[in-house]
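In the block that follows, a single chain appears as structure tokens, in the form predicted alone.
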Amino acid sequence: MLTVHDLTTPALLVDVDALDANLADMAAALPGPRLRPHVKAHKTTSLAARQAAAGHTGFTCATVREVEGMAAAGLGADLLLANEVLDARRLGVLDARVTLAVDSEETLRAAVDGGVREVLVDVNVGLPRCGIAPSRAGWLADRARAAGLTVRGVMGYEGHLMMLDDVAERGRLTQECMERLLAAHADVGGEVVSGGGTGTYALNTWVTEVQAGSYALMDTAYTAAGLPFRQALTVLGTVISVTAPAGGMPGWAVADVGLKALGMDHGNPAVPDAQVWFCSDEHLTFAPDAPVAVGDRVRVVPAHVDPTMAMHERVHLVRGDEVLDTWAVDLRGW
């Protein structure tokens, strides 16, 4: 039997029971096509297949590579690239249904030139990122149809609201964002109103489909925002150095999980029963509540799941210390 003690660290671990519980809970909250899972959160076709088995057969992607990999894995029934691209030629040749987000004449032209036949008009609902102004959405939809494209509807992402501490305020501002999106949809037409994410999945009742992804594996940032899903993802590390308390100074330990193994844009990771001091390229320095020894294994909880997954080539499914399976993180790259 392979156990976590046999793995080279740092190593990604997914608690299979927590994962399955998260998939089941979300499928109950947003059944079938009400959820379009975002694969950017895990970049793993094996996990996407589990989401499909839970009833969600349409998926959201962030890169051309993700779309290609999903199609190759037989998960191409309805793929949305919820991002603007200026070269869509790799998409047009796929044996899959591909819908592309557009927010300008340039991205519209890229869809036409690349052989993509269906688009969503990406609307800026408040996050200063991609998206056309709501008042211009109908104009772009008309341009798309004139170019021979099918406009399936609109999308808009209220990503700046996902982790607001005040849930009532998060809900109020989500409604404001979605009112902008619905106004654009009235001009654009189509059957799809796509948006939302893990942080607003239970609040955003205006969209026809929610683009949540992080719920499957979770991280400390979403847990702090009060989301009900279990922490499934950790990064296994090994304690490589211990300094005992001395001269009034506290002791500390160092694990081999550093900046190159963790997404750090949402802050430091967490170590259970310890205080994390800081991370270096290949080191995590922490003060444990109880003594640890060189060679001990620790499970580090990342603050941001998406970039953490993208840093690793494989992820190990575990129950306790037993390794049940290993999946390739096969949607990395662009």
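A quick note: this is a predicted structure, and the numbers were derived from the prediction, not measured. So that there is no doubt, residue numbering starts at 1 and follows the sequence shown.
From this point on, the text means the form predicted in complex with a small molecule, which you will not see here.
Is it the case that Ala82, Arg129 and Tyr222 all touch the small molecule in the predicted bound form, with a non-hydrogen atom of each within 4.5 angstroms? Yes, because Ala82, Arg129 and Tyr222 each have a heavy atom that approaches the small molecule to within 4.5 Å in the predicted bound form.
Can any non-hydrogen atom of Lys43 be found within 4.5 angstroms of the small molecule in the predicted bound form? No.
Give a yes/no on whether His56 approaches the small molecule to within 4.5 Å in the predicted bound form, heavy atoms considered. Contact with the small molecule, no.
Taking 4.5 angstroms as the cut-off for heavy atoms, does Ala212 touch the small molecule in the predicted bound form? Yes.
Any chance Met162 has a heavy atom within 4.5 Å of the small molecule in the predicted bound form? The answer is yes: Met162 has a heavy atom within 4.5 Å of the small molecule.
Among 103 to 111, 204 to 212, 248 to 256, 143 to 151, which stretch sits within 4.5 Å of the small molecule in the predicted bound form, heavy atoms only? Every other range fails; the passing one is 204 to 212.
Which pick from Val98, Leu217, Met155, Ala184 sits with a heavy atom within 4.5 Å of the small molecule in the predicted bound form? Contact with the small molecule in the predicted bound form is made by Met155 alone.
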